Structure formats: C-alpha cells, structure tokens
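As a starting point, one isolated chain is supplied in structure tokens, in the form predicted on its own.
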Amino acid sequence: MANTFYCLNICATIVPIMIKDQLSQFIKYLLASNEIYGPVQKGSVLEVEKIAQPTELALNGQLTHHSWKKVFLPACEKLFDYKGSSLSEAINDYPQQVAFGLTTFDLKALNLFNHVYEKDPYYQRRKCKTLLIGQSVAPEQDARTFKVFTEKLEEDILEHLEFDIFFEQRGDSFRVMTGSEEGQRVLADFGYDDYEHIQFAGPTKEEGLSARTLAIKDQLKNHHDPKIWEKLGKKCIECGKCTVACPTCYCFRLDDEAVLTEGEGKRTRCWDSCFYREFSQVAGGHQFLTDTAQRIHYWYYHKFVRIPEQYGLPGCVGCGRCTRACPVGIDINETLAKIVNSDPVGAL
C-alpha cells in the first residue's frame, strides 16, 4: 500500500525519495507504452521535444524556451475530413503520451487551458490520454520571471495545480508526489510506492486573484494611459513571437481546405496571434485593431482584464517567456510596473 500523506507540513519526518537510477528506469517503463515529451537541450536552448531514451531529458528545473501548449494544442491540427454531408473526425487517432517535466508555471497555464477548452472534444481527448508529470522550478534569479522561487517547494502551490506525478529535485534525488489516482496507479504498476499525495483543491486559492493581478486589472480597465501603448507601439514589430512562446495564448483560426474532388476537404485549427494584422479583420475588410499600439494594448487587456473576469484566473503565469522571445526587448515586467507604478517584480 502506498505511503500517502494528506497533511504536508513542517512536522513531516519522512520524505519519499527516488534516486536517479530509479527515475531512469521509470522513464524507460513509460516509454514502452507511451510517447514522451519533455525538456531537451537543443544547442543553447531548452525545448519541449519527443524523446526516445531517458538520457535525452534535461530535468534541471529550468523553463523551456517555448511553452508546452503544442503537446495539448498543436500549432496546426486536422479536426476532421468532410465528404458531402459526412464528417470523419481525427479525434480517435491520439496516442497515449506523457508530458514529463512541466514546471509549476506550465501547470498553472494548463489550469487556464482546462477552462478555455472545457467543452472542446479535441483538447479534452488529448488531455485524457496524457499523463502529466511535473518538476520543481530551479532557484531562479532572473528578473524576467515574476516570482523568485526558493529551493523549498511551496506545497500550497501544488494544491492548486492538476498533475498526476510531481518530482521535486533534492540534489541527485527526487521527492515524489502524486496528484491523482492515475498517478498512483502508474507508480504502483511500475512497482514504486514511496510517495506523498497532494489533494487538488481547485485552481485558485480561497482569497482568489492576487492583489497585484487585481491592481493591474483595475488600472487597465479604469485608468487607461494611452502613452504607454503609443510608446510600445513604436517599438513592437508585430512578429507575434511573444504569443507563440506564451503558455496561455490560445487564439486560433479555422481553415477549410478543399481538394480536387468536389465536396471533399478537411478543416484544420491553427494558432493565430492578435499581433497579426489580419487577426481582427472581418468581412468587407474592416479591421478592429488598426495599429500596433492598439494590438499590444489588446494583448495586455485580454490577459489582465478579460481572462480574469471570465475565468477567475490570471491570463499570465509570470514565466517571462514573452520577454525572452521579444527581438526588440519589450519586457512585460517593466510594462506592468508602469501600468501600476510599482516594483517591477511581484507575484501574479
């Protein structure tokens, strides 16, 4: 029977630990029946890639350059083929897969995706066939992230994240936690029962959105300052790299592609970006967002006003990927500080 601890506090005396050799064997075990995606070192950049052997995984607690959203919502995916009035969906073709090494930033982003795509059968089917395995964030001294993490994992964060298994690095070993019955079952089938269990308490804390998020929301909604956006509009080149790197950007377009046979074709769903000029264009050629300043303001307003109001969650998890990806050096942390006239580093 698994060693299960529902009270995670300072008085705990036994910490379940998995050594590196065991972890390697566990990954091999998962590879036998799953596709595994995880952080892989590609030159100087850490990216989410499909792996073939355990040694490819870089489980160092660092953020990948791009987010994990492609594992759950591919950049471009076929939804169905059509022939006349009949449809043939691709929804049953999804393989069993493992997302191995998501950080707490990425798990927070999934909280939002789970709400946005709650009734989307394609996302839900893929998510049901995905085992979520998280890892603790390495001590981060980069000001481009909003929160500075210490080596000690904050358990109250994990209580508000959905995952199956979570590894907190302790030197050359890993503290093991489960967040679901599926995670417990997988570890039991592997023959491992030395773990703690963390009960999911919902995606938000009792007090709701943080004071900083509420302050940003209030300023953007009720105290619009056009000078901020005019200045950023002169700097931004509308490349959309920030939206590609961002783990919470979920906008897409639908494309119907006909084939030579009459009445046949397919529908695909592909990522889109509010920074692209055609994004806000409607029939007749009218555009709702006519210049760069409006587009970048729209992006911030969506993340810090509309998403919190609609889902009760922040539209930004504070990972800083957008700042790293921006070729002209726009820093979201500095922009938010100007909006609320405060310290540029703070928890969202």
Partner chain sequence: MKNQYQTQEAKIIKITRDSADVKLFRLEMVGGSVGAPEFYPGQIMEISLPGYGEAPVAYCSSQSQRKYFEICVREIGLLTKRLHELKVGDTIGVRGPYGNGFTTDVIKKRNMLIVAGGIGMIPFRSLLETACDNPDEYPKDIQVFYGSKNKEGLLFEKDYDKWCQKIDMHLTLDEGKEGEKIEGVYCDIGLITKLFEKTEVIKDAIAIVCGPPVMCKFVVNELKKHDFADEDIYLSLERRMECGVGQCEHCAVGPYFVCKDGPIFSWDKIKGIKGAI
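Keep in mind that what you see is a predicted model, and the values were worked out from it rather than measured. Residue numbers count along the first chain shown, from 1.
One more form of this protein, predicted in complex with its partner chain, exists but is not displayed; see below.
- Mapping the unseen interface onto this chain, Glu278 counts among the residues with a heavy atom inside 4.5 Å of its partner chain in the predicted complex.
- Though the partner is left out of this view, Gln62 does not reach within 4.5 Å of its partner chain in the predicted complex, counting heavy atoms only.
- Its partner chain is not shown here, and in the predicted complex it never comes within 4.5 Å of any heavy atom of Lys227.
- In the predicted complex, its partner chain sits within 4.5 Å of a heavy atom belonging to Arg269.
- Site annotation in the predicted complex: the residue of Arg170, Arg185, His160, Arg253 reaching within 4.5 Å of its partner chain with a heavy atom is Arg253.
- A heavy atom within 4.5 Å of its partner chain in the predicted complex is found for one listed residue only; from Gln96, Ser210, Thr204, Gln124, this is Gln124.
- The partner is not drawn, yet in the predicted complex one stretch among 45-53, 63-71, 32-40, 298-306 has residues with heavy atoms inside 4.5 Å of its partner chain: 298-306.
- Residues are counted as partner-facing when one of their heavy atoms sits within 4.5 Å of its partner chain in the predicted complex; in 112-126 these are Val116, Tyr117, Glu118, Lys119, Asp120, Pro121, Tyr122, Gln124, in sequence order.
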